[in-house]
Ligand code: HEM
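Single chain ahead, by itself, as structure tokens, in the form predicted alone.
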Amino acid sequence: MDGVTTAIFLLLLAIICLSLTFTASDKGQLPPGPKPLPILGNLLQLRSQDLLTSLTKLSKEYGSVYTVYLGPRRVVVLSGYQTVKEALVDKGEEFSGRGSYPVFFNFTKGNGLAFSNGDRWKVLRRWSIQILRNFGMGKKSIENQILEESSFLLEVLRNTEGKPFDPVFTLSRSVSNIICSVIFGRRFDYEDDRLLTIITFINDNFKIMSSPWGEMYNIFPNLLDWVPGPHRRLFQNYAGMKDLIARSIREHQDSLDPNSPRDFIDCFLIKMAQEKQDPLSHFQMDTLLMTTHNLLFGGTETVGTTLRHTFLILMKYPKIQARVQEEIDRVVGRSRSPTLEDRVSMPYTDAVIHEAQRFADIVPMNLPHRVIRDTPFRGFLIPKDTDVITLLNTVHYDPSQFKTPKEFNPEHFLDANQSFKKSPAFMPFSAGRRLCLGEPLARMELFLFLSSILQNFTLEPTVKPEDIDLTPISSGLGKVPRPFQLSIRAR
């Protein structure tokens, strides 16, 4: 009994301490929010819906800046274009930290490009941007690789011969090959085990992270480490990806020519050798492993998922698809492939792609940020190291920025003369200091892949257009489109 009594006493003491933390810490400085319970935080207010819906609903009650407790973790939530822009752009330095995200952190341990902080993040980001540019990011050379990959994709689509198929792997293989060519120095055959393994692991993890299991793991990671469920596959997949990347790194080490780097991995290995004697160097083997994983994940899943959403949208609205095809025929014709130079002459196609990204809103809560110092913000004081969730869905669906935010409407990105019009509230790649460094590549891929496909084919649904459901199946980390099949008809 003494042991049980002691355990109960310690548990009660922990609850009291947590309760005092919730009620006393920074009182009068933090934004308002629902009253939390010890340990559970605000889970009772969040339990009835997915986290995205719940947080969006709370913003209507508590305003564009409020505090919520995800279990014991304190988070400030920002909603609406003006508020998010003020944080990420106007106060970009203060909000430049990366917040806690256990589904990634328990693998990366805060290492790598996307989830590091402080000097390590600044050094890795600056160096990575330069290396990626050297290998064609946003330049003509990478455009040629995308066009070449498009030709392989078009051949696969022709071979479907009009029969229904699931586009997930078909699109993911082509998209992933672009970032693979930058990282590994080569594209893979579509049946290559390495490419298929990468896509399988990444697609599966994106689904799990976007599910209730992924959401709960982010709130109670220590508890769910002991609970069976699909979330445990996350770390099996991570381990598999780490082994695959490590094998590729060993192959690079065996054939490395320091005077002639072939790809991102070669450049990182050379940088490691140059700073080998520096104990403070950020260029270590584990950093290379994690950074490579970050680039593969971001470069494979986001564009592939966006294309699938776009396919569904174009099949639901065949008149929009037909108008895009008419513009392609008029500007490009059928005798050559579309190029990036054509984009300025194709404002409607460009507007449809932007609107698809806005409407699909595939990373609706963004990756969490963190304030790196005590930060005055809209009459409140956000303490240093507080995590911040920026609700990008409230930016992309802000009625002050978009005339019909709940509808798919390419006119959001067209002016009165039907010329392409930018919107400051377009943030699918986030904004500010943590803006996705793959944005130039993703924009190129979306335009070239989609325009090439629609130049050659018409997308046809297996159900009536009015029966197509654009509602995603999950809205955690990402909005995953509902599984679907389609047929393609040669034009």
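Remember, predicted model here, so these are calculated numbers, not experimental data. The first residue of the sequence shown is number 1, and the count goes up from there.
The same protein also exists as the form predicted together with this ligand; that form is not shown, yet it is the one meant from here on.
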| item | value |
| --- | --- |
| This ligand overlaid from its position in the predicted bound form: site open or blocked at 2.4 Å backbone/C-beta | open |
| 179, 366 and 436 all contacting this ligand in the predicted bound form, non-hydrogen atom within 4.5 Å | yes |
| Selected contact from 410, 167, 214, 299, since only one has a non-hydrogen atom within 4.5 angstroms of this ligand in the predicted bound form | 299 |
| Contact assignment for this ligand in the predicted bound form, among 171, 356, 314, 295, heavy atom within 4.5 Å | 295 |
| Candidate stretches 121 to 129, 410 to 418, 239 to 247, 224 to 232, one within 4.5 Å of this ligand in the predicted bound form by heavy atom | 121 to 129 |
| 4.5 Å heavy atom contact, residue 309 and this ligand in the predicted bound form | no |
| Residue 429: touches this ligand in the predicted bound form, heavy atom cutoff 4.5 angstroms | yes |
| This ligand contact in the predicted bound form: residue 98, any heavy atom under 4.5 Å | yes |
| Contact label in the predicted bound form: residue 442 to this ligand, heavy atom within 4.5 Å | yes |
| Partner contacts in the predicted bound form for 217 to 234 (non-hydrogen atom within 4.5 angstroms of this ligand) | none |
